[in-house]
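Starting off, we have a lone chain in the form predicted alone, written out as structure tokens.
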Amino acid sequence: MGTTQLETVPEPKYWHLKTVLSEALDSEFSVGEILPNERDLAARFGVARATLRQALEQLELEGRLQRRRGVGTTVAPPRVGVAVGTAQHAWPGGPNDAWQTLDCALEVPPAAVAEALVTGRDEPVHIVRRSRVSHGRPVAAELLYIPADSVPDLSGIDAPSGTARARAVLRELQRLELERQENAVELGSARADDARELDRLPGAPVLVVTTRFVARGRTAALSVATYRADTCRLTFGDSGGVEIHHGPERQAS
């Protein structure tokens, strides 16, 4: 790699450095590659380490870099576009669903979820746990809450929990005719469980997408999906799904 000295520019030095670094990421590094240490980078670009840290922090906020405990600073994979359109609807677990089914349990949900499902506060529901992966790294975790009366024919299934049970619950749910789904998005902070699953620190910014699936005039299922805010972006359109965008500047259709 050659040496690039920064010239005097009217914008803040770290901001110009961020642009130079971003161009270097596109041309010299691949996804997952570890960047040189701060001392070497500062020497290459002829800046103070404090200026370099500001630029690296900005690139991390923009989703170009990831700081991984025990590893260092790596090039982030392309961001996942969280589409919030409503033209197309589909039950979770369908043929074009990119989520990985992990587990299922019959448990009492949080009070807010029970209220949304219009179930009793002490009434257990099926909780399907799923994960979304991009470039081999987790980018989202989902808890899908399904009342027992949405999947009434599960009593004859032997698997009490695990992946097999989860897939059976989703197959049974798809027997219902989906009337509509409603999405709500908010910025939140990663809880301890979410942070561990998403390889982030507790309190890291996340996007929380809540989806209500309506069938027979009631809420048949409720999804609470937590996305890494540093690797995901909101897209507004009619797709109603989650798409992988293979470049940081690519716009959602």
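If you superpose the two forms and keep the largest set of C-alpha atoms that fall within 1.5 Å, you have the rigid core. Note that this is a predicted model, so its numbers are computed, not measured. Start at 1 and count along the sequence shown; that's the residue number.
Only in words, not in the display: the form predicted in complex with the DNA, which the text now covers.
**Student:** Let me test this: is every residue among 36, 48 and 69 within 4.5 Å of the DNA in the model of the complex, going by heavy atom positions?
**Tutor:** Judged in the model of the complex, 36, 48 and 69 all sit within 4.5 Å of the DNA.
**Student:** For the chain seen here without its partner, which of 220-228, 37-45, 188-196, 207-215 has a heavy atom within 4.5 Å of the DNA in the model of the complex?
**Tutor:** Single hit among the candidates: 37-45.
**Student:** Can any non-hydrogen atom of residue 201 be found within 4.5 angstroms of the DNA in the model of the complex?
**Tutor:** Residue 201: yes, in contact with the DNA in the model of the complex.
**Student:** Test of understanding: in the model of the complex, would residue 73 fall inside 4.5 Å of the DNA by heavy atoms?
**Tutor:** Yes - in the model of the complex, heavy atoms of residue 73 and the DNA come within 4.5 Å of each other.
**Student:** Just to confirm, residue 13 within 4.5 Å of the DNA in the model of the complex by heavy atoms?
**Tutor:** Within the cut-off, so yes.
**Student:** At a 2 Å cut-off on C-alpha positions, does residue 68 qualify as shifted between the shown form and the other one after fitting the rigid core?
**Tutor:** Yes: residue 68 shifts by at least 2 Å between the shown form and the other one.
**Student:** Core superposed first: is there a CA shift of 2 Å or greater at residue 36 between the shown form and the other one?
**Tutor:** Shift of 2 Å or more: yes.
**Student:** Using a rigid core alignment, state whether the CA of residue 210 is displaced by 2 Å or more between the shown form and the other one.
**Tutor:** No; that C-alpha moves by less than 2 Å between the shown form and the other one.
**Student:** Once you compare with this form, do the C-alpha atoms of residue 53 and residue 188 lie closer or farther in the model of the complex, given a change of 3 Å or more?
**Tutor:** Relative to the displayed form, residue 53 and residue 188 draw closer in the model of the complex - a change of at least 3 Å between their C-alphas.
**Student:** Since the C-alpha distance between residue 131 and residue 33 changes by 3 Å or more in the model of the complex, give its direction relative to the shown form: closer or farther.
**Tutor:** Residue 131 and residue 33 sit farther apart in the model of the complex.
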